[in-house]
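The same protein chain appears twice below, in two forms, each given on its own as structure tokens and labelled structure 1 and structure 2.
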Structure 1
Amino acid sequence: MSAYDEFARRMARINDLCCVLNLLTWDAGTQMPPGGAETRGQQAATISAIAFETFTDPKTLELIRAAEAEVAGEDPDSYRRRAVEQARQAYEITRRVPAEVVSQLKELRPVTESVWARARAGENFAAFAPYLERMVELNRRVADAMGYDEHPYDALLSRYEPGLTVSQLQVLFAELRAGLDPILARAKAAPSPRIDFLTERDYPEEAQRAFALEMVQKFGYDLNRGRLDPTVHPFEISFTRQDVRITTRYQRRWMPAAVFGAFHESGHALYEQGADPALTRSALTTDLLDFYAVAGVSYGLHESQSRLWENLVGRSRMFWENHYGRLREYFPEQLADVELEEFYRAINRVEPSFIRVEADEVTYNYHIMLRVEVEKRLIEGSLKVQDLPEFWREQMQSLLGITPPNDRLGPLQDIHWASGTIGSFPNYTLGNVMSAQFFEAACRQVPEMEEALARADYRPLLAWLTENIYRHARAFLPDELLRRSTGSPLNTGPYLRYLNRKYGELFPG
């Protein structure tokens, strides 16, 4: 067996362990009876510990070194070289971060999540504050251990989006605000569309599920290698490209939750299902820092695909021109008196609101800007946890012109910080920006694309995305993928052009 093959064999074992961890998570979120929670946690901790021990074993470093020697002369873009390089980088970072900090973060997580859940229910930020302080402190220690050039937050950002920095984000957010503010102003001035047919009529779950499944299969989601289940907080998760599952949430009086939830998760799933089969069970389908089986290269890039299929495809006028008739067949009574135009306006309503996950395409980004500012300040120490609620209210007022009446609708709404995750929020907005950049490039490069989309044929789009993004899994960094496939680094142009075109038509101002 060659040195590379031995290295690959160890990576395959680690990927198997990560896939198993993902299955434990999926099962816990969709199937497990409540009584199983405690021992499930112990099982996950054991598998996670074994993955960590296997990866940090000195033998792994030997295997990496031997593989490095073997692939040294090969094409720097080859999957083999990339696999070895990424394993080396992850090994170095894992070695740098003290095991004690990692285990404290892990132990604190379930405790903090349950304190947070109670604090949120009771609108009691003070109860959560000391735990959040501890999470911030541990994250700061991670940042210091990882090292950074300019800002400690940069180290944390790079865990979720390799290469991303605070200074990059500042430019990005400034451009976005300049472009978004006028759209938002026009939206606020426009009359509200009718949504009574969504909020006041009953949409049975089974029909919601059937319609959503029919649509995501049109996108290309392969049920031979996937399935759709109900859950509380929708997610996509994979155990190799051969088994990529999505979940959604059903609300009988807000059908868009399930339908757009399924579109969103199917975008994540198409990315995972589209990985090159040769990369199955490899370092390039494994997040070796978090021991998570995933083909997507970063949080932002992954999000770009969920947003692309959910919003650029699934909330487009073209999409509903093709499929509104079908939706009406599933809900003939509920939609009997609703014109296509009314439906399209209802699902594209723009309105400032308190909850990020319920925000529309335009206001969503403001929620992210706020959170990123909070994270940056907490990590650099210029904002104290105790002052967070006040800061939040001020920022919401200044960004969106509304002030949350309590902390449940404010800084207690997201689970991320309770889970010890700081630095992942920017990726939701990065996803928005990248989704339009990819979509514009695909339409430009494939002449028949728009015509295909106009007749509800999503194959050319999926083919372009698979060829340029999905098949490579984690082999190329986000910036490399953007440059190779769109010809430019990350830029806000396509996204703002997309929003201006779409909302310019809806709110001519």
Structure 2
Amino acid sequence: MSAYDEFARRMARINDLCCVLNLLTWDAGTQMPPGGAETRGQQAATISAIAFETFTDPKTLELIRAAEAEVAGEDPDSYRRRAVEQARQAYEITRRVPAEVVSQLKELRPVTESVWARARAGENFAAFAPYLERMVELNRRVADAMGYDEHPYDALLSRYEPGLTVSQLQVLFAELRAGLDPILARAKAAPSPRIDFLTERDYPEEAQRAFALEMVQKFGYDLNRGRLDPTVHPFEISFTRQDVRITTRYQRRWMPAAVFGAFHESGHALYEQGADPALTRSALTTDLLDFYAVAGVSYGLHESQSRLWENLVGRSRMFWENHYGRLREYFPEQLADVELEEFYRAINRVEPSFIRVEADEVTYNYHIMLRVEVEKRLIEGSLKVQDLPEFWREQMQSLLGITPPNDRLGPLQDIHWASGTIGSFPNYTLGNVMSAQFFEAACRQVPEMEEALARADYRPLLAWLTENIYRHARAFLPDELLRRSTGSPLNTGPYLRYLNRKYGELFPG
């Protein structure tokens, strides 16, 4: 057996353990009874500890060194060389994080998520606060162990988006505010579209599920390697490219939540299902910093795909010109008096709202700006957990001119902090920006793309994304993928052009 093969076998074992962790996580979010949270945390901690100890064992370093020597003369872009390089980088970082901190985070996660779900239902932030304090404390320890140059939050950001810093985010947010504020002002001045047919009529869950599944299969989601389940907070999760599952949540008097939630998660799933089969159970389909089986190279890159399929495809006029008739077949009574234009304007209305996952495309990034500011302050210690609800209310009023009436519509709405993923929120905005950059490049490079989309043929788009992004899994960093496929680094231009074009038509000013 070659040195690389021995290295690959060890990575495969670690990936198997990560898949077990993913399975425990999926079950906790879909099937597990509330009483199982404590022991589920212990189970997750045990598996995580085994994965962590296996990866940080000196034997792993020996295997990496031997594999490095074997692949040294290969193409720098080869998957073998990239896999070894990624493992080396992750090893250097991971060995600095104490094993007990990793274990405590894994053990705390399902317990905290269970507490969060109850606190959210009861609008009781105080019940959640002690668990969030513990999560913040553990993440501070991770940041200190990883090291940083300017701000402790930078270390946490790099876990989800390599190289991202607070200073870079400040520049990005400033560019976006300059472009978004005028669009939001025009939208606020325009008459509000009719939405009564979405908020006052009953849409049975099974019909919502059936329509959503039909559409995501049209995108290319393979149900032979996937499934759709209900949950409190939608997510996608994979156990290799052969088993990639999505979830959504249903509201009988707000059908878009489930439909666009499924579109969003299917974008993540297409990325996972599109990874090169040769990379299965490899270092290039394993997050060796956080010990999850995942093909996406970064959270931002992953999010670009969920936002692309949800918004640039799923909320487009072209999409609904093709599929609104089918939606009416599922809901003939509810939509009998609703014309296509009314429906299109309703699902693309711009109105400041409390819930991030239901926010429109214009106001969505303001929600992320708030969460990033909260996370940064919590990690640096300038904001105490107990003061978070009041800070949240103040910032929502400042950013969007609205004040949440309770904590369920405020800091309790997202599961991320309960999951311990502090530092991941910026990637939603990065994903928005990347989504338009990728989509614009795909339409420019494939002459028949727009014609195909006009006839509801999503195969050319999926093929371009698979060729340029999905098949590479974690082999190339986000900036590399952007430059290779679009010709430029991260650029807000395509995103702001897209929003101005779309909402300039809806709200001419």
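Here, rigid core means the biggest group of C-alpha atoms that superpose within 1.5 Å across both forms. Counting starts at 1 and follows the sequence of structure 1. Treat the numbers as computed from the prediction; the structure is a model and nothing was measured.
Remark: structure 1 matches the stated condition (the form predicted in complex with a further copy of the same chain). After superposing the rigid core, the C-alpha of M146 moves by 2 Å or more between the two structures. Taking the rigid core as fixed, one finds a CA shift for P34 of 2 Å or more between the two structures. A movement of the C-alpha atom of E390 reaching 2 angstroms or beyond is seen between the two structures when the two forms are aligned on their rigid core. We note a C-alpha movement of 3.6 Å at P98 between the two structures, with the rigid core held in register.
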